[in-house]
Each structure stands twice: as structure tokens, then as C-alpha cells.
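Coming up is one lone chain in C-alpha cells, specifically the form predicted on its own.
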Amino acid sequence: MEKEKIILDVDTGTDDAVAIIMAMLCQDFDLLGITTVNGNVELKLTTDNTLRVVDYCGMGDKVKVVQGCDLPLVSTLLPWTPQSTGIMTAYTKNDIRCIPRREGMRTGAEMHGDHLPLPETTLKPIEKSAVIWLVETLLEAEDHSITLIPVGPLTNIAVAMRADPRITKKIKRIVLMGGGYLVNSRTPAAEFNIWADPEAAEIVLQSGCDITFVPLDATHSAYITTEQAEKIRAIGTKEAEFVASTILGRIKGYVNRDRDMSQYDGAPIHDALAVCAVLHPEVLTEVIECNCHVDISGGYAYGQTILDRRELKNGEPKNCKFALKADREMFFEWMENILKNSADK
């Protein structure tokens, strides 16, 4: 069977790390490269964390890592926006630049930390911008042959589409982790990945590509429990140990802040579910096909994924699939089997 050609686009914190491990170990994938973007933590950290994961798994000679955009397209242009004060930028006399986050303005670092608890690495990203690499890689491919899996803000993908719209016909589909319908995170209306760069998300939605959202509604229904994490740990490989420890750390974080997860003794591993859904779309349940736009107006709903579920004769065409739930047991079994199979090699 021909392997699925994929490109991962990440803002590597904890769940990205698990997604990267799953993508690298899964024998059904041809992982063409991993691009990094500003998001959970600042770009130099998302890149370093990605390289640490690749090195830890012994894949440094097989997997390209390419550093991408360090700022959102629009949302940090004004110094007083939540993105400017809350992500990783500061306004300094006619200059908006990427610097360490201000004290008290933490975002993903509470859950993810700055550096993953992995050894430092000497691996480096390739000497090319992720946007240029994406354009070149996609233009060289056959039409509709490469699946993109963005699991962070969509800045790299959007800029590449704006730089050369021809790449859209090379994309087989986009399976992205982001958005929310009844569940949100960064604000009452918006999930973090979309909120961090709403304009980029809207560009991708208007691209005409085959798009599947793996939103918080789905990822929260596919939480992994402490008991399941211990089953992963029992596999005995260093990859399994890291995945189990990462899940347990996330459970601790969610139990302290999320009423539902406290009840279930579990945590969502958002980004890994998107990777699973590429090979097993049936893991996503209650999938609706609809028209979706992202609020880019700058108000209270900035970054909200707005689903139009009306069946209007003259309504806008449907532009995505949006999953409302996921099969929790199937997701866990997929992760467990990949880690077990890698242990047998």
C-alpha cells in the first residue's frame, strides 16, 4: 500500500510532541518534513522543541525540520491587542519584534513549558524559510498528492498560499487541529490556534482545499486517561515512556483547571488526534459538512470559527468538514499500536 505523503506544521509543545512521534513512527506515513510556527511558545522554542523530539527518536537523518513564521499576519500589528500582549511580542518605538513573553502574559507555557523535558540537541533546521520550502515542495509534487496537518496557528500555510496560489491544487487535503463549536479555550468564543492568527485561518478556509477541522469538541471527547497512559508506559520503549509522561503531565494540568477532565481523570492530546484522523477519518464522529468562516473583526468573537449549518438554497457553499466528537477508544488503540509496533522492530 502506498504511504500517505504528509507535512506536519507544528508549534511544538506537549501535544505536538506526541503528534510528531506518532507521525514519525507510523509506517503508513511518508513524512516529507516538519515546519514550525510561532504559537504555544515563541518560534525559537517551537523549533528547538521539534528538533529535540526528532533527535530523541533517532530520526535526525530522516526528518527535515524547517523554521517558519515568527509572528501572525495581522493580529500583533497594534501593540494593545490581546495577541500582542499575550503571545510573544512587544511594541518598542516603531518596531514590533519577537521577544520573550512579558511576565504575567503567559499563554501555552503554563501547559507546555518553554522547553520539553528532553535532552538538548545539536540538530538544526534546514537553511530555508518554511514558506519557501512549502511552496517548492508542493510545486514539485503531483496534483492532490500531499496532505497537510497543521496543528498550530495557520500562518505558514496561509503565507505560502498567498505567495503562490498554485500550491493549492497540489494539496490532497488539510486536516487541521483548531477551532471549536461548543468548546473553546483562549477566549469564550475562540480556540487558541485559530485565535493566534485568525486572518491566516480565514485565508486557508477560502483556499478551496479539502479541509477537515479536528476542533476542541472532538479532541475533548477523545481524552486519554491515567490508566491508558500507564498502559502506554508499560510498552517499555523510550518513546512510549515520553508519551506516557507527557500525557500524565497534561492530565495534571487539565485536572487543575477543567471540570470535565477532572471528572474523567484524563486530558485531550489534541494534535495527535489530527494525525490519527488522516489515516482513520472514521475516528471522527458526528462530522458535519458546512460553511465556516473565522471572525476577523477584532471584537469579542475575534478568532471564532463560525459554522453556518443552515440549509439555504442560495447559501454559501460548504467549505469544510467539522468534527463534533471522536471515538476515544479507537484513538487510544491507534496510539498504543504504533508504539507497540515500533517496539517490536
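Residue positions are given as counts along the sequence shown, with the first one as 1. Given the structure is predicted, the values throughout are model-derived calculations rather than measurements.
One more form of this protein, predicted together with a small molecule, exists but is not displayed; see below.
By the criterion of a heavy atom within 4.5 Å, Thr50 is excluded from the residues contacting the small molecule in the model of the complex.
In the model of the complex, the small molecule sits within 4.5 Å of a heavy atom of Asp271. At a distance threshold of 4.5 angstroms between non-hydrogen atoms, Ile171 is out of contact with the small molecule in the model of the complex.
Remark: Leu216 counts among the residues lining the small molecule in the model of the complex, judged by a heavy atom distance of 4.5 Å or less. Contact annotation: of the candidates Ala158, Met177, Leu205, Leu134, the single residue with a non-hydrogen atom within 4.5 angstroms of the small molecule in the model of the complex is Met177. None of Ser262, Ser185, Ser245, Ser145 but one reaches within 4.5 angstroms of the small molecule in the model of the complex through a heavy atom, and that residue is Ser185.
Contact annotation: the small molecule lies within 4.5 Å of heavy atoms from the stretch 177 to 185 in the model of the complex, the single such stretch among 177 to 185, 197 to 205, 222 to 230, 134 to 142.
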